[in-house]
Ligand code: T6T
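We begin with a single chain expressed as structure tokens, specifically the form predicted alone.
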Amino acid sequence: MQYTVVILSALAAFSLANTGPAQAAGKHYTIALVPGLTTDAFYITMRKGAQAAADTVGDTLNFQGAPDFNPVTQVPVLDAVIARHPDAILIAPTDKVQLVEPLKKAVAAGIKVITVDTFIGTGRYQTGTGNADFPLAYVASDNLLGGQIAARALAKAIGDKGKVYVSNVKPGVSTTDQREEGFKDEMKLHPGITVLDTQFNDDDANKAAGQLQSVMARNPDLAGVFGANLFSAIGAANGVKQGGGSGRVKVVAFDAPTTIVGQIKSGLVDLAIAQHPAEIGYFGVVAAHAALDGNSIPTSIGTGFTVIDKSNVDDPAVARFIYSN
């Protein structure tokens, strides 16, 4: 099953992406892509989509980031990128508050800023209000809806009763905050399900696995877990296996690395929600190029996601959304 958000007003701005090879007469720009971290298949796939768009419109794409998802390491990278003065920066902020001031430096330097995957402030830009509405656009999937879909799937898998919890990264990350929010909002509609305290793993799959086993030890009747991002999902799935809960504790994963395929087929993971990172990167570059050409662009651009389970994991139309390195 595939869910895609289409913003019709974006089509005019994005039409230049279908013009084929870049035309010599057009302007060419330098666009920097600063991912949440460089080693994640999600951001590697995003880079591929961004590069495809850059090749189409004739722009130069520079990819530079930190090896971990942390504002302490991302800010120095951003400062170095700003010093080279690209025409635009696409960035997945690692904190919705701590990246505000660093990104203001980019705008002050005359660099256009678009956030991808994650956002700063509330994610509502160009409103004329607040301290963090200055980026031109936010390109991402609908994370609130993704969390809701995850909750519905998990509720169905456990027969609408039992204990569940969210394995999450840390507070303050815009996307995973929204996924948890959507999950918990949906679970309020399922009175037979008890949502335990969220466990934060600092993007460490091993820590997430250990937390799963600890939660299961305290709650032997644990019925399910929702991994709110890649490392949370992988860690939770491994924790279920290591703790002897395979088949009994249902796992819903947000994000879909290649390892998800085997985990779904084995039953370790019951369902995965795949974002479309290549589309996020692609439309991020196209939007930046359009803005640099002086065109208006939507402030919010949705790329949707695809739900993967045993019934469709081998379908080529679905498999293309599994993240590749």
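This one's a predicted model, so the numbers in the text were calculated from it and none came from an experiment. Note that residue numbering follows the sequence shown and begins at 1.
This next part talks about the form predicted together with alpha-D-tagatopyranose (T6T), which is not shown.
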| item | value |
| --- | --- |
| One stretch from 292-300, 260-268, 40-48, 53-61 that, in the model of the complex, holds residues within 4.5 Å of alpha-D-tagatopyranose (T6T) by heavy atom | 40-48 |
| Touches alpha-D-tagatopyranose (T6T) in the model of the complex: residue 149 (any heavy atom, 4.5 Å) | no |
| 4.5 Å heavy atom contact, residue 180 to alpha-D-tagatopyranose (T6T) in the model of the complex | no |
| Partner contact for residue 231 in the model of the complex: alpha-D-tagatopyranose (T6T), 4.5 angstroms, heavy atom | yes |
| Exercise: residue 74 in contact with alpha-D-tagatopyranose (T6T) in the model of the complex, heavy atom 4.5 Å | no |
| alpha-D-tagatopyranose (T6T) in the model of the complex: contacted by all of 69, 175 and 275, heavy atom 4.5 Å | yes |
| Residues within stretch 109-146 having a non-hydrogen atom within 4.5 Å of alpha-D-tagatopyranose (T6T) in the model of the complex | 117, 118 |
